[in-house]
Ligand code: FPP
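Shown next as structure tokens: one chain only, the form predicted alone.
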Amino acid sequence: MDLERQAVERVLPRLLPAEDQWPSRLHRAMRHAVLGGGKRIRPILACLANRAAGGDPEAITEAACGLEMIHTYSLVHDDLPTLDDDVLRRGRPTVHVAFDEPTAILVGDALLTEGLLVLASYPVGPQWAAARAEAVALVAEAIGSRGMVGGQMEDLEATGQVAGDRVPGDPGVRLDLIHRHKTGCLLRASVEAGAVWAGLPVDQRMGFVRYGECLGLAFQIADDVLDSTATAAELGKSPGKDAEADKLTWVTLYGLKEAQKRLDELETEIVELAINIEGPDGALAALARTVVRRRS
């Protein structure tokens, strides 16, 4: 995983517009958002899945970086005052704090567009044309109104209704919808895109897809737990926001103990899926353990 992360950190800066390129303020803000740290889980996942599927991760590093741009766009918009209203991200001021709110909106718009452009452009060469097209379609579906953005909408509609059991419908069903879409869809797509770039046929990807789905759910439950237990220094963002905003999360609905129990169950399931994909002691299993046990 360290090698994949190093490759991503090396490539990301050159894929972003230079700070002095017009419009320079926008490009400075974009670089502030993307290059200010982060776990780089999505591009790393794509590279690890690509290797497990028989591909060459070095050939797809640029394409995988498009996933990080798209993920960062979602964070920039999430942090806006009209949504989560957060002042810290990755241990630094959020974009709307470091620059201003209109600039942050445009940064998100630009990073989404640039991320899709990277996916449509890399890997370079006619031999990659079919894989590029499939990866763009896969990711675009994952982040649209029936994916990540839809999960965000469901999250908004459920917010402020948890106290007093006022969430309409089945709260558990709504929570599952939120987690699987708001966070899970792009993580799942990152894993499957890695398999796509390796040339793996659709009928041989189900293990990768299931791994990505379970990892996405575990990632969000871990986020819910950390919001209740970690410090701002550990998180790189403000803790306690979920309870303060009366958000529907695993912790607010089921309690901290049940959330941690579910995380343990998911870790076992994800590791088993990873072993089925690449054998024991593989990188996908190690990444799953890192996601579940992280403190940031």
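Numbers for residues come from their place in the sequence shown, where the first is 1. Since the model is a prediction, treat every value here as computed from it, not as a measurement.
Heads up, the form predicted together with farnesyl diphosphate isn't pictured, but that's what we're talking about next.
- Contact here is defined as any heavy atom lying within 4.5 Å of farnesyl diphosphate in the predicted bound form, and by that definition each of Arg42, Leu83 and Thr183 is a contact residue.
- By the criterion of a heavy atom within 4.5 Å, Arg188 is excluded from the residues contacting farnesyl diphosphate in the predicted bound form.
- In the predicted bound form, farnesyl diphosphate sits within 4.5 Å of a heavy atom of Arg90.
- For Tyr73, a non-hydrogen atom is located within 4.5 Å of farnesyl diphosphate in the predicted bound form, even though that partner is not displayed.
- Taking the partner from the other structure, farnesyl diphosphate in the predicted bound form has no heavy atom within 4.5 Å of any heavy atom of His96.
- With the partner omitted here, the residue from Cys214, Leu175, Val118, Met148 that has a non-hydrogen atom within 4.5 angstroms of farnesyl diphosphate in the predicted bound form is Met148.
- Only one listed stretch (200-208, 101-109, 217-225, 124-132) carries heavy atoms within 4.5 Å of farnesyl diphosphate in the predicted bound form, and that stretch is 217-225.
- Shown here without farnesyl diphosphate, the chain has only Arg294 in 260-296 lying with a heavy atom within 4.5 Å of that partner in the predicted bound form.
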